[in-house]
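Only one chain comes next, encoded as structure tokens, the form predicted alone.
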Amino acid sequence: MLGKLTIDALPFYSGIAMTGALISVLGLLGAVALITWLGQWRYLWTEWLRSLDHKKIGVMYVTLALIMLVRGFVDALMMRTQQAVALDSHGYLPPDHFDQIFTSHATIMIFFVAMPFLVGLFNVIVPQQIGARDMAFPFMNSVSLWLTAAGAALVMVSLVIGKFSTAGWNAYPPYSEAQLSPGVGVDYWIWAILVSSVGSILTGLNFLVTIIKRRAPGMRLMMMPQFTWAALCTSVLIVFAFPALTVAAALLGLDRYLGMHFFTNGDGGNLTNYIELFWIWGHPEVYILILPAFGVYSEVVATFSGRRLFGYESLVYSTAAIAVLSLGVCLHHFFTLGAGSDVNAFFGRMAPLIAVPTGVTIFDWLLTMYRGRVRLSVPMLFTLGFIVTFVIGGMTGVLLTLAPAGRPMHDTTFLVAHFHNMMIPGALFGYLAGYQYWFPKAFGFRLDDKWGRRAFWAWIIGFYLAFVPLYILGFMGMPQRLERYDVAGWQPYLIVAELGAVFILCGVVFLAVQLAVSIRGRAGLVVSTGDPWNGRTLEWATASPPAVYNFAVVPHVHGIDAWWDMKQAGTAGRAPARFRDIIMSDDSSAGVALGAMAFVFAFAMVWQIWWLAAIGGIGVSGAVLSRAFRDRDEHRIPASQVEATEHRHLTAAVPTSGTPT
């Protein structure tokens, strides 16, 4: 009746696992109780969960990312603590539990922190930057969100029911095959990846079409803001790269469920095919995560330097070059697989080429700041911290692409340090800069500056303390993923790395405190205009927060930095001569239902509860059909209502051309 699901699926195997499960369950029950006590279920359902407004969908993506960031960081803190105390002992984590943690940490951070964070920022900002009223496919946007949430929910449920994978975040065969991993952990990983990757592919297609087809009149491609260019290149990479991961996970699932042998050596399969498919996605994924952060840094540098970006065209070409090159350098991960010296030499030369457009990008930012009036805001601090730290990570990456160095350090903590050097300053700092920069656009009030600065310094100090020792340990030959060790010389460095994790914990706590303090004191942080930073691009032309339709009249763009040009010409903030009715998409519960049924189907497949899987599959089909057979899915906003909304905004918003309000 319940397939493989029994009472033994509860986390009785470890006191720490039971504690984590209880905290997760109590946290969920506490959130439900709070919403019930406040009587906000109807508001939450009608105004947020059912919404097809791209801005609200973006806020929900970022909220999901921040929640999963806490969970993923707890895993990281547990790993650092284990390694700091595990000299000649088992530490406090059983080996199997440690393996689950390092798998879930990487899976969460890549798929359910970084991806939702960047897509959330895209949703909130990109349509406004290009002068659009909505996404090309609003319902698809909702489906993407709820499929991503369903994948995240599967990972969270694995903390309570069953175990997560111990095969690493890349799930290499043969360890991820049924013979060596007979439990449900790898199945949780497979279905979380399958469900969320479908959502990511839909997102890539949606933004690709939106940017190409929904730009404001006059906005040529070479007039788009840099963040929009980053979104366009990222969307292309998502569309090309994510299907490889989806296929790899699906074939691995067929191996496990139906006894096929796609990746089992000796039975007609080849495990290296999985590795190649994985890294066809894996290396472009690094740039899928980094390019949006580059777009954020470009916007922040231009705004807080008070200057147009230096070398706009070279920035565009560099962004496109990084995207193209990222599709062709994945083979430098295979130096130890026996591809041959000629192949290794070719890709060893190809990989460092990405350093060229990356260097051009960084120099363009530096030249933008040169002789500019730089304001050291919190977003700018994260940007400067990135520039200094990312250069170090880039140099270590070039080192790893050289076969003589890449071979001995391929499976050491040096690689761990390099990867985090790319992901934390390269990607996460960018997302946090965008979060700080665009928060007033989404909510109408700024975040507290003092706590933002404290969070930045905790993050940057914590990063150096946590990962510079891992570079040193890599040179000393320490393998990655060790649960315990017997080399006494490693422990002092691991204790320093643990101290760095504590600093990063402070950074996470400070971000939470900043949000709480800002909400409590929002009356003093309110944005009196739609343009708190004296911005340059079109998203600052709308109210903060914007109306559901973004623009009462779609603007006509004449050049780069369209909003700045309007302010200089004195045409910003003028009411249109005539308001017209606006057509917008109706909200829909079908996206929520589809995501919920996808979760039910995937959970049932993990535990092989076939009747429940049938219900989930029928539910997914029903949600799609209910939307497909809906004849009318739009509503009209009368011109009088648009005029009243715009009048309230225009009476409060006085465009500025000097310092921010």
Partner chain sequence: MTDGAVTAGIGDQIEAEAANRAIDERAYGFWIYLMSDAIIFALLLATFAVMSHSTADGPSSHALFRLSHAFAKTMLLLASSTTFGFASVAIAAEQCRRTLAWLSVTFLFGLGFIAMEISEFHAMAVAGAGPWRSGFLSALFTLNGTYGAHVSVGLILIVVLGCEVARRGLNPFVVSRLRRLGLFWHFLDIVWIAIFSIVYLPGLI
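Residue numbers count along the first chain shown, from 1. A quick note: this is a predicted structure, and the numbers were derived from the prediction, not measured.
Just so you know, the form predicted in complex with the partner chain exists too; it's not on screen, but the next bit is about it.
- The stretch that touches the partner chain in the model of the complex, counting heavy atoms within 4.5 Å, is 263 to 271, out of 436 to 444, 263 to 271, 312 to 320, 176 to 184.
- This chain lacks the partner; the member of I387, I461, V239, V487 within 4.5 angstroms of the partner chain in the model of the complex by a non-hydrogen atom is V239.
- L205 is the sole member of A355, L205, L77, V374 with a non-hydrogen atom within 4.5 Å of the partner chain in the model of the complex.
- Using a 4.5 angstroms heavy atom cutoff to the partner chain in the model of the complex, none of K4, L22 and R520 count as contacting.
- When the partner chain is considered in the model of the complex, M476 lies well away from it, no heavy atom lying within 4.5 Å.
- Using a 4.5 angstroms limit between non-hydrogen atoms, F629 touches the partner chain in the model of the complex.
- In the model of the complex, none of the heavy atoms of R481 sits within 4.5 Å of a heavy atom of the partner chain.
- With a 4.5 Å cutoff on heavy atoms, K213 counts as touching the partner chain in the model of the complex.
- Contacts between stretch 246 to 266 and the partner chain, counted in the model of the complex as any heavy atom lying within 4.5 Å, involve V247, L251, L254, L258, G259, M260, H261, F262, listed in sequence order.
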